[in-house]
Each structure stands twice: as structure tokens, then as C-alpha cells.
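The chain that follows stands alone, in the form predicted alone, written as C-alpha cells.
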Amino acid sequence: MKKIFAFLSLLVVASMLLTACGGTTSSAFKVGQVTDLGGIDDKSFNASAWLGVENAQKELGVTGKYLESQGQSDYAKNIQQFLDEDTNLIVTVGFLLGVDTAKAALANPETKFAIVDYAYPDCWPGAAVGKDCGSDKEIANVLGLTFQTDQAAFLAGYLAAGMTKTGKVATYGGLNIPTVTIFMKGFEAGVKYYNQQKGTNVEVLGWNTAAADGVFAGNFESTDDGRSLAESFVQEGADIILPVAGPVGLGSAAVCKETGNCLVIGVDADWYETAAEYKDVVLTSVLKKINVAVYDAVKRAKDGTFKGGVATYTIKDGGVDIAPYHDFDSKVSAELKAEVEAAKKALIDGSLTVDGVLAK
């Protein structure tokens, strides 16, 4: 009888342990990421956002999952899948997810959302809410993660102007949307500032802020488009190219590596590390620390300090910057390095602004 009782006791304890394990799994804080076009391995903003989720998994004990969007029609579907799975925080990546994120957030106020490169309100006079824009007011359960990448791109433009041997540099985007053109605007301003300081006339191909227009691939996926655009710019005389187009830019890097006729400046992440096969032609990268912003959003959501609104990352707080020069460090003169650093300090203290330079 004692043996039977002991056996039954063991069964009860085992059952309790299994229940506890099951409870732990079901109550884990779940984070879901919906990618923009380009995929999770774009070596750019989707990958950087996912790194933030991965770091949160390691350090905060959350569980993470991503769903890739192959087309814009996947945005709402992927968000809904995470809603159906009772995901605690849904991270959507990119300007193009603005409307679908707002719709889902407004319909599900108990679920927290963070969106990279977007913020609410986002409507303009005459815009139809839910169609042209997401919301005409702030959304309490959505945190917009935005970046003043024009500040970092400014430094990249100044550097490019100081390094070009042809007197021409170039930039292009994936699509003509604000989160892309902000890089191009900053790059143009940096080149212009160099010209103002040095009395030079370095030319920027591919973008003109005054006209609010430039060269765009029309997508964020085709490396073939990146190749053809780089070839075209080189034919026009450019020897340094800033592609703001996710994986498209890797096609440009390939052309530079194969021909030796140009250098590239990466975007979002440090391409010397994330696209190491092209490190020989990566002068620097315009860093947008999406991983840090996403990690912060996850931490806030998990510890109860999350609230809707906007978190803006700048050069002052280190949220944007340029990467080290790596293999080109010895080729960038001490004078140019000092000038880039001085420009950075001026951007931080506000004595120098992108708009101020462009207005001159």
C-alpha cells in the first residue's frame, strides 16, 4: 500500500511540474515581426529589426517570431496572424506598413504595436483615414520608431565629397518615400557643405532636394536593378554611390567590386559586417540603429512602461551615425577625419543643420 501511495504521489508531482511548464510556455511574452519587402535577410532594416528581437529573446526572455511579406497584400494578413496567435507586441517594419498597422492597432487596442520608420498622426488635408493614411491622431497602443538619418547621411556626404577622385558622387533610392529620401537629402547636404567649406564643386547625381526628385529603382529586391543603376552612374562619372534601397544596393556593391571603378556607402547596418563579401568597396555605412529601437520597444512593452507616441533617434543619442572606415581608414586623411568629426559635433549641438545648409 505504501508503494502504491508513493507511486501516486510521484504521479501528482510530475503532473504539477508538467502543468507548470505548460503554464510558463503559454504565458511567455510573445513578439512578432512583420517584415517589409526585401525579407528578413535583407542585410538592412528588416535584418536590423530582427536583431533587436533576437537580443530581446536572449536578454529579456521573450519569444520571437517573424513573418515575411512577399508583397504589400501580405501586410494585413501577417499582422492578423500574429493577432490570432495572441502576440503581445507586434513590430511592423517600414513606411509602407503604416496604414495596415494603424487599422489593426485601432481594431485591437489591447495589443501593443511598434512600427519602424513611421509615426502617427500621419494624415494630411484631404487624406482618407484608413486608405491614404493610418490615423489623424496619435494611437495609444502604437509606438512609432523614427530616425533622423539625414544627420548621419550628411556626414557620409561630406566624407564622399572629400574622397571622390572624379568630382561626382551618386545616390538612389528604392522608392520615393520619406524614409528613403531623408538619406538622399542628408547626403546631398553633406556634399554641399563640403563645397561651401572648401570652395569645390562636387556634384551629386541621383537626387535634388529642391526638385524633390531623383533616381529610384522602383523596388527593394532586385540586385539586377542595383547593378544597372551603378553602371549608369559610373558612366556618368560617379565613383562613390549611396544606394538607399535594401538588397538592391548589393547589386551596386557587386559592380564596384567587380570593376574597381567605384565605392559604396551602406545604409542601416554596417555593410562591412553584414555584407562582408563586399567589404573591399565599402567606404562606410549610414547607421540607423533599428535593432536598438526595437529592443527598447520590446523592453518597454514587457516591463509595463510602454506607451504610444513617437521615439525619435538622433545623432546626439547615438541612434544614427556613420560606421568606421575599416579598410579605408588609412586612406581617409587625418584632416578629413577631423572635419567629419567637427561636423558631427556641430550637428549634435545644433549649430549645423541639414536644412540650414540646403537653404544657402
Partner chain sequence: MKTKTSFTRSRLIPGIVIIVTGLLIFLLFAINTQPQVTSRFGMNISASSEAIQIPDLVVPAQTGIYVLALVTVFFGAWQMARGIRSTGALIGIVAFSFVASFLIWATQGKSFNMVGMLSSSLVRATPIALAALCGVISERAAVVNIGIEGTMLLSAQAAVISATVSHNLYVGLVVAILTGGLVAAFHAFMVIRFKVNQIVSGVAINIFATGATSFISSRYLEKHTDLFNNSGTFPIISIPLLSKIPILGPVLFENSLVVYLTMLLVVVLQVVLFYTPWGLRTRAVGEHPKAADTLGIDVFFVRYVNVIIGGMIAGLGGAYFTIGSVGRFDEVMTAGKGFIGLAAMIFGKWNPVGAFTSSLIFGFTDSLQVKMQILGTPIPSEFLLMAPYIVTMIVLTGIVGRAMPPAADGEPYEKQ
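Positions refer to the first chain, counted from 1. By rigid core we mean the largest C-alpha set that fits within 1.5 Å across both forms. Remember, predicted model here, so these are calculated numbers, not experimental data.
Omitted from view is the form predicted in complex with its partner chain, to which the following refers.
- Query: Just one stretch in 247-255, 286-294, 193-201, 152-160 has heavy atoms within 4.5 Å of its partner chain in the predicted bound form, so which one is it?
  - Reply: It is 247-255 that comes within 4.5 Å of the partner.
- Item | Contact at F328, E339 and E341 by its partner chain in the predicted bound form, all three, heavy atom at most 4.5 Å | No, because F328, E339 and E341 lack any heavy atom that approaches its partner chain to within 4.5 Å in the predicted bound form.
- Message: Quick check on A217: any heavy atom within 4.5 Å of its partner chain in the predicted bound form?
- Response: A217 belongs to the contact set for its partner chain.
- Hey, in the predicted bound form, is T223 touching its partner chain, heavy atoms inside 4.5 Å? Yes, T223 sits close enough to its partner chain in the predicted bound form that at least one of its heavy atoms falls within 4.5 Å.
- Message: in the predicted bound form, is there a heavy atom of its partner chain that lies within 4.5 Å of any heavy atom of R227, even though the partner is absent here?
- Response: Taking the distances in the predicted bound form, the answer for R227 is yes, it comes within 4.5 Å of its partner chain.
- Task: May I ask you to state whether F147 is within 4.5 Å of its partner chain in the predicted bound form, using heavy atom distances?
- Result: So F147 does not count as contacting its partner chain.
- Query: Rigid core fitted, is the C-alpha displacement of S69 between this form and the one not shown 2 Å or more?
  - Reply: The answer is yes; the displacement is at least 2 Å.
- Query: Fitting the rigid core first, would the Cα of D327 be found 2 Å or more away between this form and the one not shown?
  - Reply: Result for D327: no, shift under 2 Å.
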